[in-house]
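Structure 1 and structure 2 below are two forms of the same protein chain, each written out on its own as structure tokens.
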Structure 1
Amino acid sequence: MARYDVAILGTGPAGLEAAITLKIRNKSILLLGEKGSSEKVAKAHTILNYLGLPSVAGEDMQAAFLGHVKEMGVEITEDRITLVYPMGDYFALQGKNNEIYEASTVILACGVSAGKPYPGENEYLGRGVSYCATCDAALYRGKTVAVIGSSPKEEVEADFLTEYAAKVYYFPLYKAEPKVKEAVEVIREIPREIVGQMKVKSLVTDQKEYPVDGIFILRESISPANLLPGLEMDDPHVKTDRQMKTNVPGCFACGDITGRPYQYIKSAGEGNVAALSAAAYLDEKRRQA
């Protein structure tokens, strides 16, 4: 398997700036995220304080970013990483569909997730609560499960679960009408709480209580502490120093994930620092080898 020098998670200003800086430093990079950069950038109204781009609309800024990246020959691999695991002298990264990538260093630039965990979510994680249908579906043969989907992308996961579970409830957290298999029961209620005793017993909504054996919570972004086990947090942000180093050797973070202010120019600046720190870390390791 190809082992990259640096894996960058996220294609907002922090991730893209890190990518072009590392490209200039001649490092091999794996840039993972949405091909169209960050949705947050595209949706922004007018940005007034980005140096060199006066009074720019979010859409135009995104186009400028992506044009720059393309010109530098940086490619975006469209995938969402569900787990980063330190293997000693490298990191293994697991993609949404169980692809495994390897990189010597990792830069976390995946933004900050607004979602708070449901009451009971952390308590019953691994005891009925799961973030990965592909991983755990087979453990729910003949059982009843609930799937909480944050976007239509998660509908295939609910469909997949019907191959194992006897009953699948789907709770969409969005307005569009879900296109799921007939076996999936779509419920338009708002999940409120996960109730259990030793393990999950039910999902409570704003209207009813559903007895279930498992609850699959599928969100756009996973909390960094669940993404990289052992990562030191200053909730909801990742703790870094001025070099953008985290407590995990070889892992750096930049952008909104490291804390306020949530500004594009701050994110890009941090992306630059994280990239240079990762490059220095790689060079130091090579000297030692």
Structure 2
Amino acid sequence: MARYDVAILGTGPAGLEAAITLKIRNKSILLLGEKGSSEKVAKAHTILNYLGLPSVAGEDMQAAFLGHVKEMGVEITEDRITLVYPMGDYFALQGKNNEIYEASTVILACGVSAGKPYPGENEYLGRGVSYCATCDAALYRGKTVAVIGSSPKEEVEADFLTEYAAKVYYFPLYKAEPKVKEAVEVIREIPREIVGQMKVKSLVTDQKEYPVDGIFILRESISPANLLPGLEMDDPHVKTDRQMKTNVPGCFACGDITGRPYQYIKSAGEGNVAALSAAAYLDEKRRQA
């Protein structure tokens, strides 16, 4: 398996800036995220405070970012990482479709996780709560599961689970009518709490309680604390120093994930710092080898 120097999670301003800086430093990089870059950028109205791009529309800014990345020969791998494992001298990253990647260092540039965790979510992570249907579906063969979908993109996950689970409840958190298999029961109720003992026992909504063996919470982004166990947090943000170092050796963070202000130019600047810090970390390790 190929091991990259740096894996970058996120294709917003922070992740893209980190990628081009590391490209200049001749590091092998794996840039993971959406090829369309950041939806937050694309939908922005006129941006007035980005140096060199005065009065720029979000759509035009995104085009400029992606054009720069393309010109530098940086490729984007479309995948959503569900777990990062520190393995001593490298990190293993688990993708949405159970793909495993390896990198000597990691830069977290995946933005702020939308929404607070449900009561019971963190307690039962790995004991009935999962963020990846492809990864864990086989554990629920013949059982009952609930899927909480944040967008229509998650409908395929609910469909996939019907190949294993005896019963699949789907709780859409969006207005559009879900297009799922007949075997999937769509429930228009709001999830409130995850209940269990040693393992998950039920999902409580604003109307009733559903006995289930597993709950798949499919958000656009995963809380960094759940993405990388042991990562030090400051409420919803990752705690870093001025070099964008986290408390996990070899892991750096930049952009909105590190806290306010949520500004594009701040994110890009931190992406540059995180990249330089990751490069220095790799160079130091090689000198010590």
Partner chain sequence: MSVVTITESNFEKEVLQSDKPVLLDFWATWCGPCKMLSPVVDQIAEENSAIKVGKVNVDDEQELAGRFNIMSIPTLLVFKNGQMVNQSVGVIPKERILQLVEG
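Each residue is numbered by where it sits in the sequence of structure 1, with counting from 1. Note that the rigid core is defined as the largest set of C-alphas that superpose within 1.5 Å between two forms. On a predicted model such as this, the values are computed, not experimentally measured, just so you know.
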- Between structures 1 and 2, the form predicted on its own corresponds to structure 2
- Classify residue 121 as shifted (yes) or not shifted (no) between the two structures, where shifted means its C-alpha moves by 2 Å or more with the rigid core superposed. yes
- Message: After a rigid core superposition, would you say the CA of residue 207 moves by 2 angstroms or more between the two structures, or not?
- Response: yes
- Message: Given a core-based superposition, decide whether the C-alpha of residue 103 shifts by 2 Å or more between the two structures.
- Response: no
- May I ask for the C-alpha shift of residue 198 between the two structures, in Å, based on superposition of the rigid core? 5.2
- Query: Once you lay the two forms on top of each other by their rigid core, how far has the C-alpha of residue 163 moved between the two structures, in Å?
  - Reply: 2.4
